[in-house]
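First, one chain by itself: the form predicted alone, in structure tokens.
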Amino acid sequence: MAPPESDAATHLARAQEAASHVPGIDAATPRRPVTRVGVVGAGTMGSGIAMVFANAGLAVTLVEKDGEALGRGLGRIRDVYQRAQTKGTLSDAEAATRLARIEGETDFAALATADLIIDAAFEDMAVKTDIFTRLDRIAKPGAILATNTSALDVDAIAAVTSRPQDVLGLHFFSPAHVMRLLEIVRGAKTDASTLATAVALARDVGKVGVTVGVCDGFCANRMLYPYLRQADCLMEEGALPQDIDRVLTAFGLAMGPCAMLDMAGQDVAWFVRQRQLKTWPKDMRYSRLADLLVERGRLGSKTNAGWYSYPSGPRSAQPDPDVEAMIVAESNRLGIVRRPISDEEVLTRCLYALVNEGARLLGEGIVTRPGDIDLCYVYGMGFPAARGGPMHWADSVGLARVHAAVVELHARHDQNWTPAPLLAELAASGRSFADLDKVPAAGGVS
């Protein structure tokens, strides 16, 4: 009810309204009818996506490579609905109705009648392009082909089809049936009707849709990369996982970076880093601490060991002396004299890395407005809503102060801290990110 929380709430409400105003589409842009959705892959993400659409009243065809994998996916869906029934949040009749909307298949040909097909398969370009090559042959004319990739090049995926105008990214966040954010990735050849349909559909299924451009990681994950690097560098210099997580959860984040990666799976992040290392700049610091975890088989809570140990399941995280020893040994190998790391330094380095990368995204046109970034981080990454998102929070700190700190960190560290040109420009002119949050006078999707 009072500032600054009320200001943050107002900002997020306005940002959500503004997100429907996407350049190149408006209320007159034709939308394609979507009554049946196909989902390729019945893993954790695919089954969650199937529930998103079934919960909204749409028919779903869920396809897996074999009956065993399909059975696991359908079983996962039944378990979710059963838990909701047990809690009393879903009636028996409604659970049965939703479940009946999902048809399981092992034949790609079953996707021929779908109006929208979403690939939720393994995060590998070869896998994705094979799927889209097959979908191009099977899908009916006018069907929208979407990939749930969290980072891969949507344009490269679209290029293997004869209909790139019908291709875009729909990046759901896990668990898909719970998390509200949906990044809508507009490819270079995605046409207006494809995009307008996706924007409207996001709202219809209860998601906060944010349209983003193509780059490694899009918005939320691309900003996550430098944030996680700072966490690793801080550990090399003297911090421990529990120190970093404590500071960031005290600030208001739902989870600290170490606990978050343990939950998501250390192997998932490892695959991303190995892809990035192929073109890693020589003058940019890289920490191999998280790689060492994976080499030791510590893949997170699913293996009962990641940054933390999990003696009795995913909710039993405990600091692990073996991890501390691994971190100290790596510091010694690098010749780094470990030192006390203050809470303020943890907060500054992790959050200013987020803000600097957000400013870079804005400057590159990957996102339309700062409010889009704030929506991504509040609804997709657990940034505290009471602080309005990283860009709104940076305004409250003062961009001149943020920029000065980034410049100082760049001088003291490495190219990870190269100041974003837009951040420098705003700081020099006395403007804020809020000055860039302008809702167009016309446009949007009704």
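Please read these numbers as outputs of a predicted model, since none were measured by experiment. Residues carry their position along the shown sequence, with the first being 1.
Another form, the form predicted in complex with nicotinamide-adenine-dinucleotide, is not on view; read the next lines as being about it.
A.B. asks: Exactly one residue in 259, 139, 362, 131 has a non-hydrogen atom within 4.5 Å of nicotinamide-adenine-dinucleotide in the predicted complex; which is it?
C.D. replies: Spelling it out, the residue with a heavy atom inside the cut-off is 131.
A.B. asks: Of the residues 69, 27, 397, 404, which one places a heavy atom within 4.5 Å of nicotinamide-adenine-dinucleotide in the predicted complex?
C.D. replies: None of the other options qualify; the answer is 69.
A.B. asks: Looking at heavy atoms inside 4.5 Å, which stretch does nicotinamide-adenine-dinucleotide contact in the predicted complex, given the options 310-318, 113-121, 209-217, 323-331?
C.D. replies: Result for this chain: 113-121.
A.B. asks: Do residue 65 and nicotinamide-adenine-dinucleotide come within 4.5 Å of each other in the predicted complex, heavy atoms counted?
C.D. replies: Within the cut-off, so yes.
A.B. asks: Would residue 55 show up as a contact with nicotinamide-adenine-dinucleotide in the predicted complex if we use heavy atoms at 4.5 Å?
C.D. replies: Answer no; every heavy atom of residue 55 is more than 4.5 Å from nicotinamide-adenine-dinucleotide in the predicted complex.
A.B. asks: Residue 384 versus nicotinamide-adenine-dinucleotide, in the predicted complex: is there a non-hydrogen atom within 4.5 Å?
C.D. replies: Judged by the heavy-atom cut-off of 4.5 Å, residue 384 is well away from nicotinamide-adenine-dinucleotide in the predicted complex.
A.B. asks: Would residue 148 show up as a contact with nicotinamide-adenine-dinucleotide in the predicted complex if we use heavy atoms at 4.5 Å?
C.D. replies: Residue-level check for residue 148: yes, a contact with nicotinamide-adenine-dinucleotide.
A.B. asks: Within 4.5 Å of nicotinamide-adenine-dinucleotide in the predicted complex, do we find a heavy atom from each of 40, 127 and 171?
C.D. replies: The answer is yes: all three residues contact the partner (heavy atom, 4.5 Å cut-off).
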